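Let's start with one chain on its own, the form predicted alone, as structure tokens.
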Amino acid sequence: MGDYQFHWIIVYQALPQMLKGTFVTLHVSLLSMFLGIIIAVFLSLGKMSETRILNIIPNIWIEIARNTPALFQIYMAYFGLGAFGIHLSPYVSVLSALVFINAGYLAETFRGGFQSIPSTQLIASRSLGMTRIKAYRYVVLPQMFRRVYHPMTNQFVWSILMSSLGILVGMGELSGETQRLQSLSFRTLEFFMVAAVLYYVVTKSVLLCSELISKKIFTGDI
């Protein structure tokens, strides 16, 4: 590192602000996953529908979400919509972009989960007097979510890491807050090293919690 002198006390003093940015990162990631999951269920069902008109929106949504960069989605939400007089805050722009992408990716994951469930289970549920909605709610969806649990965890980790792109539109998540703090002190290396550690701790914590939950979910599986 040559003659570079580390000054960790500055980072230590600013740590509460970085932790606040970490909370924003978790908040936007969790919310984007929650909304993305809800939308993805309908997108996957629409794509599997035999009615052609119901396939149009899911196909367009999934193709754009899966084949364009996350940065493009954020820029379109923040700058693109602004050109039409729709001005979103940095937080809402990043949230909208992550929801759009999560829904697109999860829709394909869910479609595979749905298709892995024997159609006879839906038929049997209906024969017992369940409506189609109840059959999906109590029989099909629980099994589908169980089968795509691990891909959903990976998507959540992706959302946490991709939320760092919010720095480009002035969002105050972990990366944005780190950038702001280092610009005031010029201790770039120290601040971003600590930010990297915080990202690592957050993602590892998510994976650990996911593993603990999976042991309960998959207890008894062969």
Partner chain sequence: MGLSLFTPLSWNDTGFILTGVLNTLYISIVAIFLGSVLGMVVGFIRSISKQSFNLFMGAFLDILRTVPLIIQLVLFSTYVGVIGWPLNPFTCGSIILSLYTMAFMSEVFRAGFESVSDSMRIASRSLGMGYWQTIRYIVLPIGMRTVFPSWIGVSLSVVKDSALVSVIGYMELLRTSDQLITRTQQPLEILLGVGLFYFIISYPLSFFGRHMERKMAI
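As the structure is a prediction and not an experimental result, all values here were calculated from the model. Positions refer to the first chain, counted from 1.
In what follows, reference is made to the form predicted in complex with the partner chain, a form of this protein that is not presented.
When the partner chain is placed as it is in the model of the complex, are Y4, W158 and S164 each within 4.5 Å of it, taking any non-hydrogen atom of the residue?
The answer is yes; Y4, W158 and S164 each reach the partner chain.
Although the partner chain is absent from this view, report whether F42 comes within 4.5 Å of it in the model of the complex, heavy atoms only.
Flag for F42 set to no.
How about I86 - does it come within 4.5 Å of the partner chain in the model of the complex, if we only consider non-hydrogen atoms?
Contact with the partner chain, no.
Would V92 count as a contact of the partner chain in the model of the complex, using a 4.5 angstroms cut-off between non-hydrogen atoms?
V92: no contact with the partner chain in the model of the complex.
So, in the model of the complex, is Y105 in contact with the partner chain at a 4.5 angstroms heavy atom limit?
Yes, Y105 is a contact residue.
Need the contact residues for 170-197: heavy atom within 4.5 Å of the partner chain in the model of the complex, sequence order, or none if there are none.
Those in contact are S175, T188, L189, F192, M193, A195, A196.
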